[in-house]
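Given next, in C-alpha cells, is a single chain: the form predicted on its own.
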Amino acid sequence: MPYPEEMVAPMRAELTDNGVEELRTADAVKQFLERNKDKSAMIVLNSVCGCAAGAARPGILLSLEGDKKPAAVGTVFAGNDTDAVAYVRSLVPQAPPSSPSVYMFKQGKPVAYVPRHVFEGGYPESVAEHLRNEYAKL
C-alpha cells in the first residue's frame, strides 16, 4: 500500500526542488537512462525513513555541490513508485533491495551501488564524502 502522497510530497520535493529529476514510472527511468547513456547518471531510491531524512537526502544534495558529480540525477520513491523502483532494482540484481539507496551508471551501465547502511546513523557530511568517493567511478 503506497504512502499518502501528501505525506511523501515534501520528501520528494527536498530532492526535486534542488534539480533532481522525478522518475515515477519504469518508462520514465528507462527514458532517463537512455537520454543519459553517454554520460554519468545517478538514481536515488528515496524513502520515508529517518535515515533518508537525516542523512541520505541532505548528504546527497551536499555531495552534488562538488565539481565531480553525475551529469544527471533522478529519483524514485520506495513504497509509491513501485514499477520505477522495481525497474531500477532489476538493473543491479545482485544488489539487495534497500531504501534509501543510490545507483550510479556510466554510459548506461551500473558502476556503483550505495545501500541503506551507508546512510543509517550517518551525517550529511559523511554521506556526501562517501558519495564523492563513489563519483570517482563515473
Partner chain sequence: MGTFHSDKGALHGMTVVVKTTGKAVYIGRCDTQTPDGIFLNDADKHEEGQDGKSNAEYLQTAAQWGHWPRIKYISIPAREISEVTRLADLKQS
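The model shown is predicted, which means the values in this text are computed figures rather than measured ones. Numbering follows the first chain given and starts at 1.
Note that the form predicted in complex with the partner chain isn't included here; everything after this is about it.
> Only one of these stretches, 60 to 68, 86 to 94, 73 to 81, 26 to 34, has heavy atoms within 4.5 Å of the partner chain in the model of the complex; which one is it?
After filtering at 4.5 Å, what remains is 86 to 94.
> Report whether the minimum heavy atom distance between G121 and the partner chain in the model of the complex is within 4.5 Å.
Result yes; G121 sits at the interface with the partner chain in the model of the complex.
> Using the partner position in the model of the complex, report whether G108 sits within 4.5 Å of the partner chain, counting heavy atoms only.
Residue-level check for G108: no, no contact with the partner chain.
> With the cut-off set at 4.5 Å between non-hydrogen atoms, does R116 touch the partner chain in the model of the complex?
Yes, contact at 4.5 Å.
> Even though the chain is shown alone, can you say which residues of 44 to 83 have a heavy atom within 4.5 Å of the partner chain in the model of the complex?
Residue within 4.5 Å: G54, and no other.
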